[in-house]
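Single chain ahead, by itself, as structure tokens, in the form predicted alone.
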Amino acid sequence: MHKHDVLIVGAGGAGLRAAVAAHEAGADVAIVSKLHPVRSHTGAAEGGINAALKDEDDWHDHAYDTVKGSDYIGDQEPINIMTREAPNEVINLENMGMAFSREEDKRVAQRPFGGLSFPRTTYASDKTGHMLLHTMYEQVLKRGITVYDEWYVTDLVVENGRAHGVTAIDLQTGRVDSFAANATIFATGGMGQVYEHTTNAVANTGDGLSIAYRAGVPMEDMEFIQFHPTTLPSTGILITEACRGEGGILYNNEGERFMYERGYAPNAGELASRDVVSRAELIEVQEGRGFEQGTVHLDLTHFGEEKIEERLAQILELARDFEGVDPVEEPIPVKPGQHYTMGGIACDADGKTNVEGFYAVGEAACVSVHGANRLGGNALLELVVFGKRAGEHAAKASAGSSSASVSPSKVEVRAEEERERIEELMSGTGVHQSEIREEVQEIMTEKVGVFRTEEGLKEAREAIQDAKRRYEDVTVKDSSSTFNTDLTQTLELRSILDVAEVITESALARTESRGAHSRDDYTERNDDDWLKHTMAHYAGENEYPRLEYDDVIIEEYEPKERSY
């Protein structure tokens, strides 16, 4: 049994920032992470972090760009908080030692990004997430914060509407243990492994989403899944939006700069928002103007080698190593791939959920700042702004809570139940998880991807229900206790199934097209009926999610037609 004031699950940018903030507020803080912190998926973020730093810029413009990018379903109150606090948080990162790229006058450099009306994306070459992750981890080490790395959290213990802690497996030994805490923060990241073609790491299986959902916290706006328009076709590896921000050009097989010449975004072109560019690429391919593997071409050759090596060094390596293409000499084949979850665990701007003592932050959370479509450069910003707020609030709440309100014995009882569940999984003779996992990823990519229809969504729903029935008979073939990836992947599959079902049900119900949710059978945005948030509640093992709806918070920016 472990006991801390504030327990943070996940050690990416959001978890580390929350840990530093909670520690500075005086709490005894610990982090539990499936991976070593510097292997967290935040390190894969390439492009940058948005903030209105310059005199010519204004955080109100950043807020409006974000509202517009969200297709008016992002809540304007937290968007204002995020964009207003952005400059201080970026300067804070610099003070912590983050190595931002510089202008010739030595000021922090900024460049254009999709959907932004001003070049306000700060960056560290094309390794911004990597730099941020290492900077934050140094701060955690500096403060001596306890890190339990390579522990896989299996459950959140909630009784009578109060969180008491979590249960987790030590991946090095296979031992199941309990962690009691006055406040628990989930910073568990995304769920890209629900899809076959994704930019996400293999660890991103939606565990935090599934655990919170089963514990009674609704998943919000899960139908809005972002597909990034430039990923490598063979691996799904991300080719950063910074390529287009620096002036990269998209061509079809007729040599057309199609974003302009086909009228998809006559003003912004390649720098339209990601949902717009992803749809344009797929339409080009569907109408016969694409290349092999369903791709279009991203051309950087006009930059010259020196600029590519200075600004996009990692892209140079990735294209050469994983696609066999040299961006200095030839265009990069790219296609859309699953990239980000705009929805997540429903919470407010302090990370608070409907369960006392339980918080969520980062991509796992839905503060509702991204709405139906996230702008590039706002994900890293969300991590630090709301990570800080959640850490501070959790520390304050922890200090004010009665020690009697948290019951370590309840956590230990649940840990014993988890030991029994795992023993049962490892002693059966049923189906192997890999037989189910691949089928779910394929159907989600095919039927719940960039374009959706009622017929396709119903096919996916049926396939997921079948997969859930087969999962009841799943078993683990590997009996070892040390780094048993077969066991971990079997547990992860339940998360994948939960998240896939919620995405599909939420998408089936939303009979309109908005942001990244594009229905071929309901092609228009419908504010009269659908200017609202989807809240999916767990209804039982063999039941569909129960859907309810909440109002969107609208302040100064009234919805209007979106164009780029």
Ligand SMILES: Cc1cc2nc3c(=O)[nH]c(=O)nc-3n(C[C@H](O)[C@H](O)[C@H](O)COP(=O)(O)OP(=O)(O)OC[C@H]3O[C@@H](n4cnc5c(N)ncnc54)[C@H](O)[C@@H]3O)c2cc1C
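The numbering used is simple: start at 1 and walk along the sequence shown. Keep in mind that what you see is a predicted model, and the values were worked out from it rather than measured.
Here the subject shifts to the form predicted in complex with this ligand, a form of this protein not shown in this document.
### Task
Specify the contacting stretch among 73-81, 185-193, 389-397, 276-284, defined as having any heavy atom within 4.5 Å of this ligand in the predicted bound form.
This holds for exactly one stretch, 185-193.
### Task
Sort through Trp151, Tyr137, Phe179, Tyr213 and report the residue having a heavy atom within 4.5 Å of this ligand in the predicted bound form.
Exactly one listed residue reaches within 4.5 Å, namely Trp151.
#### Entry: Candidate from Ala27, Ile496, Ala516, Val32 lying within 4.5 Å of this ligand in the predicted bound form - any heavy atom
Contact check passes for Val32.
### Query
Is Asp207 close to this ligand in the predicted bound form, meaning a heavy atom pair under 4.5 Å apart or at it?
Result yes; Asp207 sits at the interface with this ligand in the predicted bound form.
### Query
Does Thr230 make contact with this ligand in the predicted bound form, using a 4.5 Å heavy atom cut-off?
Thr230: no contact with this ligand in the predicted bound form.
### Query
Is there a non-hydrogen atom of Gly69 within 4.5 angstroms of a non-hydrogen atom of this ligand in the predicted bound form?
No, Gly69 sits far enough from this ligand in the predicted bound form that none of its heavy atoms falls within 4.5 Å.
### Message
My question is simply whether Ala44 lines the interface with this ligand in the predicted bound form - judged by any non-hydrogen atom within 4.5 Å.
### Response
Yes, contact at 4.5 Å.
### Query
Using a 4.5 Å cut-off on heavy atoms, which residues of 306-342 contact this ligand in the predicted bound form?
Contacting residues: His339, Tyr340.
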